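A lone chain, given as structure tokens: the form predicted alone.
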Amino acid sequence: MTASLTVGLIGAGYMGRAHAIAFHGVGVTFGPQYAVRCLSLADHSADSAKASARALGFEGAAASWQDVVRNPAVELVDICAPNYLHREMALAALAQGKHVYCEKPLATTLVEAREVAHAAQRSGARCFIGFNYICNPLLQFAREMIAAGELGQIVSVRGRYFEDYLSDARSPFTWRCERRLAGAGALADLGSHLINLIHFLLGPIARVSAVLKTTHSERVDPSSGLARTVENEDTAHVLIELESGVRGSLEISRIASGYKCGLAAEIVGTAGSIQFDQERMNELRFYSAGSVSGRRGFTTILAGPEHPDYAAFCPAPGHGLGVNDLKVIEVRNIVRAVRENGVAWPDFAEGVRVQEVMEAIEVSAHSGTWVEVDGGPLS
């Protein structure tokens, strides 16, 4: 058995905690060859890092994120900091010869995302971006169904990602509302996952036509008590055309009342259709056009050990996985790629592709025209 992969975590908020749970669970779930050693943790202050290291089971706390990156014992740097810090941290880790695991988005602009991905390409390190939803056993199974032709020729796709964390106009101004810190709004926070999901199931998006809107244009800054202008969008409505020629639509909102994790997709083909909703993540709805007359309609497929990766968690169907289990699968993919010098997708190149679609959406919203997604070389 090889030594456990050593990890340094930057950021101990909600997402950092989710990563820590996955690091501790991956060896138990998938076997000791995937074990991770949680070595060092940095947070927004040294005191917070010490408390979080104890709480999240890390061996030590670092005084700064730079100390994590420079630690010669750390093999994989895991970035769970706010969006605007991703570029600087990733470049520093790559300069130290580290593998990098970064939460989405890769950066706040396409130029910066390409810079990071190009540095990763030059370094030869294994680099991964945290689009964990596509690790769902049922989405992996849906991709297999599409590739096997069970839906026939794909006719259309409709996707949405709705949440309501900023639906209340009284919700305070946060860093997610500031362009310099977050980049795009709902598009970066939620839409990036939806774009990646479409890429995973059907391939790259080639053209877009979009409308963006900021419904709540001002929010109160809790530090000053004064109203501040919200600098990015609350909603996005997008028509898309894939490289395959398939057409469809995307709808993204951070103000969709009643939705908590409303990531969903419906794919229609000549021989059948599938529907998926993350809020019912252990169900996949499937319609076969070949069904017997009188018995036609959508059936519900429950996640079970017949689907990719499910059996590692539970031997019985219908018991269900949770969102943290998707992170465990994601970490397994990362450890395997590092140890076998292989490929784990989504990588930083996919992070750039998602960013290219996001930029095309913003350009289209400003120009009022269809815009080609720029798939140019990394720079």
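The structure displayed is predicted, hence computed values, not measured ones. One rule holds for the numbers: they count along the sequence shown, beginning at 1.
Beyond what is shown, the protein has a form predicted in complex with another copy of the chain; the following relates to that form.
Applying a 4.5 Å heavy atom distance criterion, does Tyr287 contact another copy of the chain in the model of the complex? Flag for Tyr287 set to yes.
Quick one: is Thr229 in contact with another copy of the chain in the model of the complex, heavy atoms, 4.5 Å cut-off? Thr229 lies outside the contact set for another copy of the chain.
Would Ala73 count as touching another copy of the chain in the model of the complex under a 4.5 Å heavy atom rule? Because no heavy atom of Ala73 falls inside 4.5 Å of another copy of the chain in the model of the complex, the answer is no.
Although the partner isn't part of this model, could you tell me whether His319 comes within 4.5 Å of another copy of the chain in the model of the complex, counting any heavy atom of the residue? Taking the distances in the model of the complex, the answer for His319 is yes, it comes within 4.5 Å of another copy of the chain.
Have a look at Asp221, Glu88, Glu115, Glu251 for me and say which one sits with a heavy atom within 4.5 Å of another copy of the chain in the model of the complex. When another copy of the chain is considered in the model of the complex, the option within 4.5 Å is Glu251.
Only one of Leu181, Ala92, Ala271, Ala206 has a non-hydrogen atom within 4.5 angstroms of another copy of the chain in the model of the complex; which is it? After the contact test, the surviving option is Ala271.
Region of this chain that lies against another copy of the chain in the model of the complex, out of 195 to 203, 119 to 127, 151 to 159, 105 to 113 [heavy atom, 4.5 Å]: That would be stretch 151 to 159.
Looking at another copy of the chain in the model of the complex, which residues in 199 to 228 have at least one heavy atom within 4.5 Å of it? Those in contact are Ser209, Ala210, Val211, Leu212, Lys213, Thr215, His216.
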